[in-house]
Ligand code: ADP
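Only one chain is shown below, in structure tokens, and it's the form predicted alone.
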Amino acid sequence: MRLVSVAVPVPAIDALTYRVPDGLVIPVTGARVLVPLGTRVLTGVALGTPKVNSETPSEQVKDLIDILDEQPFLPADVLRLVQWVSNYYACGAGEALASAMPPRAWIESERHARITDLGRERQADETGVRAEVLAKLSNDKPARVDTLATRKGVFSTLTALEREGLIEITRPLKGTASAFRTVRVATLTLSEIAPRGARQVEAVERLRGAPLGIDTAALASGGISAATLKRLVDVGAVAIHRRTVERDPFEQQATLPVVARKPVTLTDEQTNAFQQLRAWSEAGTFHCVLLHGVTGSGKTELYLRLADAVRRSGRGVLLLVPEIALTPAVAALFRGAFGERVAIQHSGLSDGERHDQWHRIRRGEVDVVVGTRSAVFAPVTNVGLVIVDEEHDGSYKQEETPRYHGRDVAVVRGQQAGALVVLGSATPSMESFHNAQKGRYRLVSIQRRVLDRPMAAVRIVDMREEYAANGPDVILSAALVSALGDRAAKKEQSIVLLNRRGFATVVFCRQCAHTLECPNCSVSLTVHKAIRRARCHYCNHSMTVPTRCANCAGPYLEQLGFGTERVEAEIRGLFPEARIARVDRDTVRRRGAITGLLSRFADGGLDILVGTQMIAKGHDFPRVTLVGVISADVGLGMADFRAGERTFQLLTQVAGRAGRGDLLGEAIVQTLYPTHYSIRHACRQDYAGFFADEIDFRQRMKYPPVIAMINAVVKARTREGAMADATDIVRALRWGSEPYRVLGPAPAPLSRLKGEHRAQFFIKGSHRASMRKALVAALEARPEIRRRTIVDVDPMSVL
């Protein structure tokens, strides 16, 4: 019996074993295959010969349906990385695999329902939901089951109707093995021809000047009809064929302009750093380097030069950035330097563009790949350099399964490839700096800005004094208002940051104290004034902002708290002549919106930019001389051990946006906790001082990076059910001599999310492998709980 192990993209399922039927060759490792799973047909990836028990009954092994690729679709190095992710982050092989696959790579079946002759005969006798379903199918066209079963009870009705023979359920395949875009192209085949009619003459003349042919759609738009082309084809003068057309995001100049590289002279610090990095890259062995450079120290220029040296040596370069907002700017800079040998990978592209860019990389037509978190799996040939810019950023951690950290996976990829890995940041993560101190990583520091520009002067405003003087509704302090007015008068630019979107964060009733809460999550709804709705930022539930209390019907509803939308409105009221824009998830949903806004600001078309953390890092705006931070301590009250680290990083990064040109910069930080060490050190740009205080806190409380931690969240329909299931798993983890500690279970801080109740427990220890092994074993013994459990290894958040 010929067997193959296959990974399928289904949660909580390990690799499955299938029989290779006669007539099919055994698929090569990394090839896509079609396999049955339950009543569905899915695309999986062959992982090689399985390790199975020879006594496994052959009737329990299903046959492979088809093989989609003769050669490996995923290269061996990417497949090896995916398998490491599956093991390290305790997720199914298929779940990890899905992160590495390009869009449109999957083929699967979807269920269609069609009425039968018997169903037509009995249709008039049916009532209720059964009659509704049959009526929808009476036009003889099959309908997708998921569009029919949109309300409770319909699915069971469909099952009953199928069992009685009134409807038929089919499972046609959706998708194709190849998703390249093709167009019909006309080419001239006869050089000597006497066309008839003006349109044929025009068509022949146009095609004579285009040896490679012309898209028939372009000809049609120019007045050359399909009928005209058909007549020319019939006489043998023209041939029609299909040509693959690559969807290139760099052709969308409006959203991704290519930036010409300007000559730059390195500082002494930059020169020393570059020489060290280049020497390690030329060694041809794995090195991991933490590049700790203050904001404005020119880390991007080092990335460019190092990438150029590595690509000239014949090896590939992978550059990760944390946010989509940064990707276009960095990608355009690299494209300007290295031309068409640069590709990008991020979720802001269309599926077609991501698909085509991925295949360019896979074919070896690319030297440099720039992308966000998932680009760590890009099929770059012979990787020699991996750069993780802003390595501290929480965006590198995926918040759904597989919950991998892009930075840590990048380090493993570099290790497997024998490449140089550079982790760059002005505010390194505690983990990376701790690794550098322990000698696991090498440390390269740049302490001065380019051209010796001074760091921005920072003023702390104690908002307790502002509230005492002007009342509790103050949003902008007097100091910040004065500074904004001064910059407006001087025609200089300002950035105002608040890491919280919306207009108001709470709606409550003054009569009965009832709060407007999400029906699915244990959080308050946030008011978005522009769309006149209150929205949950976790499940996206929204409703019209009420005028009366749902609890007591009283008209005394108040809106408290504020977000970026409210800050923008406040500034517009104070400075009506200023050109102001806002950057947050509400304003940049449309493709290319954020690139357009940031380009306008960079070109001087805006005076004040209000935004969330999207504007706090990586951007270089030479005209910005003022940065204002509203509610700098907004994250310090959260029940999360990383709150101080996040606050320090955000404040340091955003203050670094000021004074990057010829003019001096200033940052004004509004806070209720002016003496908190994270705020004090951020205002002095003192990373060493912050690290010393923070590592002392982590050591005393036994938090990462001092120890390893796994956060597990069990979901259930009721609070009692979640706690009971979590208790069962915790009991299985405690046997009396385990080399780790288990804390909990307890209700999670977000005890209800998207309609599900959540219980939480932590595993702490110094040996991740034993911790993971014990947790996976406990969950495999209870598969019904495993399907409802989130396992987060090395969590960035414990909420």
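Start at 1 with the first residue shown and count on from there. Keep in mind that what you see is a predicted model, and the values were worked out from it rather than measured.
Absent from the display: the form predicted together with the ligand. The rest refers to it.
Contact annotation: the ligand lies within 4.5 Å of heavy atoms from the stretch 291-299 in the predicted bound form, the single such stretch among 291-299, 397-405, 691-699, 97-105. Contact check for T265: a non-hydrogen atom falls within 4.5 Å of the ligand in the predicted bound form. Remark: L451 counts among the residues lining the ligand in the predicted bound form, judged by a heavy atom distance of 4.5 Å or less. The ligand is not shown here, but in the predicted bound form it comes within 4.5 Å of a heavy atom of D620.
The closest non-hydrogen atom of R660 lies within 4.5 Å of the ligand in the predicted bound form. Only one of the listed residues (T587, T157, Q270, Q123) places a non-hydrogen atom within 4.5 angstroms of the ligand in the predicted bound form, and that residue is Q270.
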